[in-house]
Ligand code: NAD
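Take a look at this single chain, the form predicted on its own, given in structure tokens.
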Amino acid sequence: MAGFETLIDGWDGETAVIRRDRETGGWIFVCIHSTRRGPAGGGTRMKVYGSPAEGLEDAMRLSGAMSRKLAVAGLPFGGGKAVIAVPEIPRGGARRALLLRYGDLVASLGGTYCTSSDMNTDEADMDVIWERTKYVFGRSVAAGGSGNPARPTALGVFHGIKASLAHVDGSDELSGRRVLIQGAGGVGSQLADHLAHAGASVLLADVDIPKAKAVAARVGGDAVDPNDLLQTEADVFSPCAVGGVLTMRSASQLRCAVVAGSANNQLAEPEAAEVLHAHGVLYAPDYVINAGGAIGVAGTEQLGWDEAEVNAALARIGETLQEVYRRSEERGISTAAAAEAIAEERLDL
């Protein structure tokens, strides 16, 4: 694994802030990839890593994805990401103290970075950070925020699935379609509700099998063994759990027409996008289809949008995907390459 110096030398971002948190034995990394469109926005991920360098690398990679996500979504923000790399996930008073120290660090950046929740952080954590800095969104409704971003994320993915199906065969009708959701957590569970309500047959897979069965039972669907994902036929495969699910090998084995889900960094290898393209599987680039959370919290708390404006912006995720698909076909390139081209154009503004 490369060290800090090598990682920073090879990174195309603007600023990397590295702080040793001696109280926990952990590290805090704040990576500001771009401020060309406005202050950098991105979540705070708390995770146990094999080494501090892995945490920094994760923050760098995710911050670049946020630049592309926010640019393609048309939001007036640049991209950033924070990683709190800890020996173990803290609870109680130790967690609160860590978040307050982190809030002081965010405040010291003077508004160049605004944060929200991510893996292993939630709206309650954002409320704590808010005690030390105003540069935070995704707080609880009780604290004046927009609450958990899972709802707008799921709704945005729902619109993206409809747009993807319409591109494949001319109809966005969900009745009778089979959608396989990987991940029965906050986004996957709510997405299942939207799909079932629209008439889709929902399949749920999760490493927590009882959770998958519970969500499937609630929506009248079926649970699938997570080891059987590649063998399960569906119209849509919707990754809504961890990233890296699409390797070159798995991309060639999927039995679906569309890949459209909320997970970040779905492509374990960039070349997997080309494999999907070659096999005629339509891939909705993750940072395009999963932008609903960012749209919801930023629109509500930073831009002053009401619910109707937020919902209209979420529906436009489908329109953005249609633009990606048109460009992919016109240029004979993968949808991932088409989305990258759009992002680069908007980042150059």
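This is a predicted model, so every value here is computed, not measured. Whichever C-alpha set is largest while still superposing within 1.5 Å between the two forms counts as the rigid core. All residue numbers refer to positions in the sequence shown, first residue = 1.
A second form of this protein, the form predicted in complex with the named molecule, is not displayed here; the remarks below concern that form.
Although the partner is absent from this view, residue 262 contacts the named molecule in the model of the complex, with a non-hydrogen atom inside 4.5 angstroms. Of the heavy atoms in residue 161, none are within 4.5 Å of the named molecule in the model of the complex.
The closest heavy atom approach of residue 173 to the named molecule in the model of the complex falls outside 4.5 Å.
At the 4.5 Å threshold, heavy atoms of residue 188 reach the named molecule in the model of the complex. The candidate site formed by 150, 153 and 208 is fully in contact with the named molecule in the model of the complex, as each residue has a non-hydrogen atom within 4.5 angstroms of it. Heavy atoms within 4.5 Å of the named molecule in the model of the complex are found in exactly one of 75 to 83, 194 to 202, 241 to 249, 102 to 110, that being 241 to 249. Note on the partner interface in the model of the complex: the residue among 116, 146, 182, 133 having a heavy atom within 4.5 angstroms of the named molecule is 182. Put the two forms on the same core and the Cα of residue 175 is off by less than 2 Å between this form and the one not shown. Taking 2 Å as the criterion, residue 68 does not count as shifted between this form and the one not shown: its C-alpha moves by less than this amount when the rigid core is aligned.
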